[in-house]
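A single chain comes next, written as structure tokens; it is the form predicted on its own.
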């Protein structure tokens, strides 16, 4: 059971989480927690201020974090915080202040130092929450994730070592689990073989849950968040969007790549590869609808959901020398790669190729090189609208319905995904939301087509 920052925002939220854990005692739950909402941002901010020599400001940020966590503990413990928790909280914040003071002296913020600072968010949330569960009468073990979540030495976004994790989890974590009791551990953080603290980067707590779920051969990995699963579209754009009961890993991956933000598929891949279902659930609506993601599911739907990403830029390279010239595209993409320009969509014609890149990426030097052998133009403020579904390619008439729904809008680029479940359209960024509303009304009026 993984709970993110929005599920742990304050004492009231933590009580809801505790009730969900109690309901799961018969399933021997492992509870993986993020930091309390906005804590990680606060830690990053304090570290940057300290490294810039602004120790007074960093200390104020440290005090604000300390007061927030102490207040949460007071609220959870009915104003009677155990002495043990008082001592442990004081030790955490003393360690954190020592780190910040050191950063202010060296005036340098390495990724390793940032990992050490950031790790306090999850360590604090799990400390407070485990004490709350004991206060509520549950049998609890607080387990330091760094004992089993082994990574390489890359700070900031370390790579986990699944085989080592599986061995360590079997030896140290599995014996702690059991029906009727709870094990609480941290998401996002791990450690090297030498014991240095690391973090897993974006979506790190989801990743931790999937890695530990796979290592322990869990029956399910539950991602608890603030929406009822993966929706057919962004509900802020399309209020009629519905939760998708079941979708494939490939569909989830495509949706996330093109803007769906519930979770990032690479973070749940270890569980999916192990054949463990991943469910996305709403913390405040535990009996509501949810989504299940599986690796082998075939939805049978032409369209499962819509997503969009923008603004993006479209780069079009034109040259008659593309005709029958081996290596032209290799040369083009080598230039993009050398200048660290990530390409999303690609569409080719006889003498031209168009690609989409991030709207604000610096392309001047790359374009200078390209223009030595071809014409290159850039159009910015565009958006990608993606139609995703397992049976998209094999269902007649879907594209015709989509283009009919977008009548009057200028579609500037079309790309069919290599896995044949994604049809992407590029149009003006200003038209993206209206395009999503029209497509959803035409293709997904009841939550799935």
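Numbering follows the first chain given and starts at 1. This structure is a prediction, so every number in the text was calculated from the model and none was measured.
The protein also exists as the form predicted in complex with aspartic acid (ASP); that form is not presented, and the subsequent description refers to it.
In the predicted bound form, none of the heavy atoms of residue 424 sits within 4.5 Å of a heavy atom of aspartic acid (ASP).
When contacts are judged by a 4.5 Å heavy atom cut-off, residue 202 counts as touching aspartic acid (ASP) in the predicted bound form. Though the partner is left out of this view, residue 46 does not reach within 4.5 Å of aspartic acid (ASP) in the predicted bound form, counting heavy atoms only. Although the partner is absent here, residue 188 is a contact residue: one of its heavy atoms lies within 4.5 angstroms of aspartic acid (ASP) in the predicted bound form. The contact with aspartic acid (ASP) in the predicted bound form, taken as any heavy atom within 4.5 Å, belongs to 35 out of 35, 50, 387, 31. Per the 4.5 Å heavy atom criterion, aspartic acid (ASP) in the predicted bound form is contacted by stretch 202 to 210, the sole one of 174 to 182, 71 to 79, 202 to 210, 358 to 366.
Although aspartic acid (ASP) is not shown here, in the predicted bound form the stretch 80 to 106 places no heavy atom of any residue within 4.5 Å of it.
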